[in-house]
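Here we start with a single chain on its own, the form predicted alone, put down as structure tokens.
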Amino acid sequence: MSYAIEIEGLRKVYSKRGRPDVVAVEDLNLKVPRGQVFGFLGANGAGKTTTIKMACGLVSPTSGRVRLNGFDAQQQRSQAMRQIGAVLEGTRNVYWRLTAWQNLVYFGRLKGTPDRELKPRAERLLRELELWDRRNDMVNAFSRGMQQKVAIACALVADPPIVLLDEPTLGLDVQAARTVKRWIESLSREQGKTVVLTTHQLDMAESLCDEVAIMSHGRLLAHEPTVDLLDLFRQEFYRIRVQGHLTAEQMADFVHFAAAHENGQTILTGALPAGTDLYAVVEQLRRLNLPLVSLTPTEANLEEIFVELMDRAAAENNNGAAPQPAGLSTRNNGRG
């Protein structure tokens, strides 16, 4: 299999005099196949954006390497940077004192795009984003959402084979966010581009991403095809319905479940931790004089899986251990 992005032993440590070192990324190994939408997920501070910035050449790694379509991001910077278009969260991705049109022309020429290709492409992007009538307005006069649209267009104007989108729908209204989602689908499915997507909208990641990687505290927790990750957790999630109500005190015995009450019944939904006996849970309910009505495995969604992995990682981190892959396959080391 050919890979658009290859990350090997990547590590980033921030050091300040008189302060403890901060390890943002620790021994990250990851390979992203060409032509996929790849989801890069994690809580704030997990190391996602730092990794993206190292891939973009904006941050130098402490050790390790990133290759983009075979080009080393540090040693072959010029060739590597021509492989990517990026929209980074929380940074100025465009020049505010230029117009929308000037921004697209500037970034297109910066990547070596000839005018005969650049100008029609820039016009198409601005029209699709409903910015054509504002093309000659300064970007600093735009709303946050409109600035984000211009940034996305600038990332795409040179027609890069790899697109890195860090929270691309941030600040967009519903209609514009749907446009971006359709673009992402088109970029991969129709144009064969590789799209790396970081987002807190896990429903969007679940619907778009071929594979997902989940990070915590700079380390990789999971790297799986999205469907395999969902399958892996499917039988660990249960919905248990009992007659009667669980009190808040009784719920302390079922900390891994969420409770809902309906028509005199309690519905418990959640994941069983490794080593927990389902029958022991049922027996505990019986001792509380709560007759079992039904018990069914339920399909987890990506949000539930994400929360479960974050909870496990937090527990391991509090115990002083590095987060470990949570029962996932050996693909998690990212070495292929």
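Numbers follow the displayed sequence, beginning with 1. Computed from a prediction, not measured in an experiment: that's the story for all the values here.
Although not depicted, the form predicted together with a small molecule is the subject of the following passage.
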For the spot marked by V87, E128 and A155, is every residue within 4.5 Å of the small molecule in the model of the complex through some heavy atom?
no
At 4.5 Å between heavy atoms, is H200 in contact with the small molecule in the model of the complex?
yes
Distance check, G45 to the small molecule in the model of the complex, heavy atom within 4.5 Å:
yes
Evaluate T49 for contact with the small molecule in the model of the complex, applying a 4.5 angstroms cut-off between non-hydrogen atoms, and reply yes or no.
yes
Which among 29-37, 283-291, 263-271, 49-57 is in contact with the small molecule in the model of the complex, heavy atoms within 4.5 angstroms?
49-57
